[in-house]
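The chain below stands alone and is given as structure tokens, in the form predicted alone.
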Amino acid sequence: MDPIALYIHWPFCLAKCPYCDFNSHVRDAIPQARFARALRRELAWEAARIGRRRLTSIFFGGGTPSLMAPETVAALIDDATTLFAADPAMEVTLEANPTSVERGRFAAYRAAGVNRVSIGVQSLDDADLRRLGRQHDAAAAIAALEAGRAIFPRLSFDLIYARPGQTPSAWAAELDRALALAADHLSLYQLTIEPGTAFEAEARGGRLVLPAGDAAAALYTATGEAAARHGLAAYEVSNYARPGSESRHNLTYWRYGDYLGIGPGAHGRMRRDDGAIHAVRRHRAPEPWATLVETQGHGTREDAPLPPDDAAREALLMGLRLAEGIDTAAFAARTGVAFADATDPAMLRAAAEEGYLDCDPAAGRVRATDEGRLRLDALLAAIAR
């Protein structure tokens, strides 16, 4: 059986950021014990169903997983490594915010078995942090990076760019400042307007205007240049790492491997005994999800085999995000669809001629060029059948 990655969703946050459309929820008091029991029960239910697979990574995401009690993190790691066969090089990542309360738990998370922390810095500009609805300032972010570097073997952090009024030179200076503190892995995300968020209402009313077009492209280019100055390469559209520091968990997604998701709203992709890749989705609302787990052992809302054409399209969308691109033989073996049958040959040739794709038939690999990754959404829409 193929190895698996495990995603554990903690849905609670201190506040809802105005740009965020993730499955995150604010509660006056977080029901720690109830959700710890429910997560452990759903994990055990899934393990009994899929068998003792080799486990290559665990990722605690959210929400804000650094609001979880460290003993819950420890129990879930212990359960996972008992129920599955832990890879000796297993990566265990926990997302964290830089507030002092959460930063104070870093040592306990390390003792629980977390060996990689991903810190949601988002900005080193205090005014922009306030605008983004964050609960920390730049000084707290820097303190979190320094603490994370001292405690965890591996560290990543997130920044958001294409903020209102942001210039390439200011963005490059901010990046250099952050990378000088912690330069193993960096996730950089362009600020976008998502449906149903507070920022969508502001944008609709003309109160929020983001850089677009050439201005956004210039910020993206400045990102790659700053990362390269610190020895980080773009191994995925939004992710930069030193060699060997790539996110092993996220590579499972982008390479379209098997992953199990537990917790409210979590998704999974898993090949089953019927040979099909199944799409699994948990109930999204936290308390109803917990009730489902308490009554039936799991909070599953959808578990259905993906038609091969749908699996092929997903694998295409994910794989071209990577600098390494798609291994066409592995693509066919995984999805049951030949790469040539999943793409429009005329558009594929046109994209290659325009310098957006690098197609190497001898090596059996197709990858987006730097220019192609700048236009990835349009490129994918053009070449996918």
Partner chain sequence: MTDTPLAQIRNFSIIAHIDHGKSTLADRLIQTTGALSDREMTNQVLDNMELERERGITIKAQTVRLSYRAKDGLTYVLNLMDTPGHVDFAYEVSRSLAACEGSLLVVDASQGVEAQTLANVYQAIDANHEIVPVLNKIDLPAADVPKVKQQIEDVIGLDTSDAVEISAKTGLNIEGVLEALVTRLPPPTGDADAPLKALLVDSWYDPYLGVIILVRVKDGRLRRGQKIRMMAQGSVHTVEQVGVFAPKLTPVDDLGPGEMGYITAAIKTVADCNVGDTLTEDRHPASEPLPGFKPSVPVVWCGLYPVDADDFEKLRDSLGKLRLNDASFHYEAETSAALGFGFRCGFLGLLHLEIIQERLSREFDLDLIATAPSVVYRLHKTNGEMMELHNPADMPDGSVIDRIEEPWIKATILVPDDYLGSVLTLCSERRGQQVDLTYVGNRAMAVYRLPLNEVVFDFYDRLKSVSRGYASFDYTMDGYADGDLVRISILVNHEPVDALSFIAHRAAADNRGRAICAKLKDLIPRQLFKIAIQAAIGGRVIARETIGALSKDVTAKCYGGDISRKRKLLEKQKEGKKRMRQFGRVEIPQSAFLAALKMDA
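Every value quoted in this text rests on a predicted model; they were computed, and no experiment measured them. Positions refer to the first chain, counted from 1.
The following text describes the form predicted in complex with the partner chain, which does not appear among the structures shown.
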{"item": "Among the candidates 254, 199, 157, 152, the residue which, in the predicted bound form, approaches the partner chain to within 4.5 Å (heavy atoms)", "value": "254"}
{"item": "Proximity to the partner chain in the predicted bound form, single hit among 217, 292, 140, 86 (heavy atom within 4.5 Å)", "value": "217"}
{"item": "is_contact(residue 179, the partner chain) in the predicted bound form, heavy atom dist at most 4.5 Å", "value": "no"}
{"item": "The partner chain contact in the predicted bound form: residue 354, any heavy atom under 4.5 Å", "value": "yes"}
{"item": "4.5 angstroms heavy atom contact with the partner chain in the predicted bound form for residue 82", "value": "no"}
{"item": "4.5 Å heavy atom contact, residue 109 to the partner chain in the predicted bound form", "value": "no"}
{"item": "Check all three, 124, 132 and 207, heavy atom within 4.5 Å of the partner chain in the predicted bound form", "value": "no"}
{"item": "Location of the partner chain contact in the predicted bound form, chosen stretch of 142-150, 184-192, 223-231, 124-132 [non-hydrogen atom, 4.5 Å]", "value": "184-192"}
{"item": "Residues within stretch 298-322 having a non-hydrogen atom within 4.5 Å of the partner chain in the predicted bound form", "value": "306, 310, 313, 314, 317, 318, 321"}
